[in-house]
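The chain below stands alone, shown as structure tokens; this is the form predicted on its own.
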């Protein structure tokens, strides 16, 4: 669900960047622009269901809503720990805002500094971070459902093995020794690829790292701050045009492209969709506040 979709400042009721991904009743929040907590209430989403927060970079429109959200969680009686993944200075910002405001949290925060690669995983999803091309150090995030793993009994039989407790270790990706034989996960397991992959760029110029991260993605949510009419400004401010977002979507072969982080100057966004399609994308739309993109898992 798109909570806020505007660039730099709230406009036309679009709100500032924030995206809620929900999998089996668990929420994963990407960026926390001002007003995020109000959007969550408007969407009738419980903050207690949010398990992890991911921040792309330290530009205010992407994280200024975080202190209010954290305090609201305390006021709502949250007890479950919250994971936060973002730049190192984000942790400093959280601690500073709590010290100045006197906010005493009712729950623990497990903070992790964002780096390239896997930054989070649980029973539902895995989240990887990748560098994007912006005016400051910034990361995009790729969320995908956990690959389904099945024991192939025929493979076990051919190896002369019987089912046993060691299979749980293989399912975790470990190599084990059974009756003196080294057994790797691929020797006895069938692994289905993730059924859903969502890629969110945050703020970026067109980037080969995004193309690589988004290959075969179900949904690419890409910076489309400007129209191609303002391409020079996009280059100067290290953002993308809708046409460039469409080009990235075409190169990565995504199923659908959502145009995100829209400048306030575009009241009518139909031009942006046309430009993205010209860039080669097929399924294209402009993300709107409280819009829900349902994906079958």
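In this text the structure is predicted, and so the values were computed from the model without any measurement. Residue numbers count along the first chain shown, from 1.
Beyond what is shown, the protein has a form predicted together with a further copy of the same chain; the following relates to that form.
Among the residues 118, 208, 96, 104, the one placing a heavy atom within 4.5 Å of a further copy of the same chain in the predicted bound form is 96. In terms of contact with a further copy of the same chain in the predicted bound form, the residue from 75, 191, 153, 182 that brings a heavy atom within 4.5 Å is 75. Picking from 53-61, 226-234, 254-262, 22-30 the stretch near a further copy of the same chain in the predicted bound form, with a 4.5 Å limit on heavy atoms, gives 53-61. Contact annotation: residue 71 falls within 4.5 Å of a further copy of the same chain in the predicted bound form, judged by heavy atom distances.
Not displayed here, a further copy of the same chain is kept clear of residue 168 by more than 4.5 Å at the level of heavy atoms in the predicted bound form. a further copy of the same chain in the predicted bound form is approached by residue 38, whose closest heavy atom lies within 4.5 angstroms of it. The closest non-hydrogen atom of residue 175 lies beyond 4.5 Å of a further copy of the same chain in the predicted bound form. Annotated contacts: 195, 216 and 274 are all free of a further copy of the same chain in the predicted bound form [non-hydrogen atom within 4.5 angstroms]. Contact annotation for 5-25: residues with any non-hydrogen atom within 4.5 angstroms of a further copy of the same chain in the predicted bound form are 8, 9, 10, 11, 16, listed in sequence order.
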